[in-house]
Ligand SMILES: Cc1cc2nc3c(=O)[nH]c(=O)nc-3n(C[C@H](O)[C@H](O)[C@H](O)COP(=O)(O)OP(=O)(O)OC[C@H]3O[C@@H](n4cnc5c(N)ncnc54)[C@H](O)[C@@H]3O)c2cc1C
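This document starts with one chain, in the form predicted alone, laid out as structure tokens.
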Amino acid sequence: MKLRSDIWKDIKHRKNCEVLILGGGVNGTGLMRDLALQGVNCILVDKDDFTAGASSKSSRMIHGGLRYLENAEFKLVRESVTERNRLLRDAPHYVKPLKTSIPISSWFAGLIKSPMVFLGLPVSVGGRGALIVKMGLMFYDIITGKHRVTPKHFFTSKTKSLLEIPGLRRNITCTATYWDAWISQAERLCVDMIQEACAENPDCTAINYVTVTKQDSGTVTLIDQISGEDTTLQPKIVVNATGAWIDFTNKALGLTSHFMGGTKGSHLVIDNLALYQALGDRMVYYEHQDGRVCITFRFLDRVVMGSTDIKIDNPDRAECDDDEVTYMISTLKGVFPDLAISKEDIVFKFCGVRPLAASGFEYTSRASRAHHIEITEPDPDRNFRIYSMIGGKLTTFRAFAEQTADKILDQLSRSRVVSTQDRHYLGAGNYPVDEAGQTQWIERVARASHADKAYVTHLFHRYGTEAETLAAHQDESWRTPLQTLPDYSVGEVTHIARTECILHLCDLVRRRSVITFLGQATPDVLEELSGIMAPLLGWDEPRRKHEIELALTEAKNGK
């Protein structure tokens, strides 16, 4: 990407565009990538930083939606499994298979309640026995069929399960094991899609920290939050991809809508060696006594667990409160009673709002996780259509973007020229999927670039095969490791600050990396990082100190 100041100048000189996309999360960036590849000129803006909403605050799961079967959402499960498999193939540097085990307390629980849920009756979910789980996993396997990329499910006896998962509660009948996936760098995936879109189609651009209001019937006003400058733009189509904020964004465009019924999901990142070792290479997917399904799995050298599911009207007020922390720790102790787990093990907590469609269900778990597009036709006060992208998640964003793009192409009387179904993401080209191949790749690049092997390894895990270009930089300062965080180099931080629309220290440590996520955003780390960024971004000393305080606050509150 260009410097942010240059991007804003370019936008100010443009008076119109075919598509204006509002929202820089996975739905918005996925749509931008798709439209750019079709030759459509589009501008993407976000009122905050890219991925500042649910895309950086999710469970990090890429899953087929086993639980959705209870709500009879077969189409969604089929789509989710298909898209999960595509991400495993097309983004293998970010998305990895995840062995998942379910502790089961009985053989026949749920034989009455689950059919009632399936039929849409107003009852809560919960109480899933081995037979119900078996039926769900069989359907999971059937959907995958000949396109299978993960092993089939299997059941394990109580005795063997307790040996394989140390500390697991003993009052189980068996465990069921199947495979889904997880994503390590969700934020980087979104930034990659912006970069790919801009590289493939120079008429496309994206900018953060810009708000939008309706000017008149044919134009909207974009306001740069940094300079205070504004400019008007005449779009043919506006896409509202702001997730849980969709109704708020539509209001700014002069439209009253009641599309959304989001729920907040809080998660914890835990540093607990005993739990880390007990989990091994698997996620434990377990049911709490209130029927709520929770997860816990390794994330790099930490453990992620969650989540809550609480209705919320204003996503700006979402935060992980003390009651939720207590609840999540209690659910974890319920499944691992023999392990010492406490609040002191928490290195980060975060809360996102699921962009769910409004529903009349009393139980939040019954709300559909499906996605759809609401098209608002022009009226006397507004002569452009608004496409509101309702729902969506990390797993299905590509399919949702494709479905939305096809409707937009039809409206613009354009034809699809490129499919994204089998297109690799940046960093996935020629990616070695097995461990031996990865070792050989790293050794080759280290030799060719005369770089330290450990340095290349860190770049490889963050950028996939794009690491080869970064490792080729010969400037010694580029390769100088940070004193407080040796996994990163001065050059890498400088590169991100200059080329990825960074305005705040939080943008770097929370939404271009997993530094905050892993509990590494300490005062010393932030002091060093801000020292590198200050001259690049023109911060004076008071501004630099302010950025440190903002980053520390976000690390503490998880917003």
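Residue positions are given as counts along the sequence shown, with the first one as 1. The model shown is predicted, which means the values in this text are computed figures rather than measured ones.
The protein also exists as the form predicted in complex with the ligand; that form is not presented, and the subsequent description refers to it.
Only one of Ala405, Leu394, Leu332, Val456 comes within 4.5 Å of the ligand in the predicted complex through a heavy atom, and that residue is Leu394.
The candidate site formed by Asn272, Ser489 and Arg510 is entirely out of contact with the ligand in the predicted complex, as no residue has a non-hydrogen atom within 4.5 angstroms of it. The ligand is not shown here, and in the predicted complex it never comes within 4.5 Å of any heavy atom of Gly136.
Although the partner is absent here, Arg188 lies well away from the ligand in the predicted complex, with no heavy atom inside 4.5 Å. Mapping the unseen interface onto this chain, Gly262 falls outside it, with no heavy atom inside 4.5 Å of the ligand in the predicted complex. Taking non-hydrogen atoms only, Ala471 never approaches the ligand to within 4.5 angstroms in the predicted complex. Comment: 58 to 66 is the region of 530 to 538, 58 to 66, 517 to 525, 500 to 508 lying near the ligand in the predicted complex, near meaning a non-hydrogen atom within 4.5 Å. Of the residues in 501 to 522, none comes within 4.5 Å of the ligand in the predicted complex through any heavy atom.
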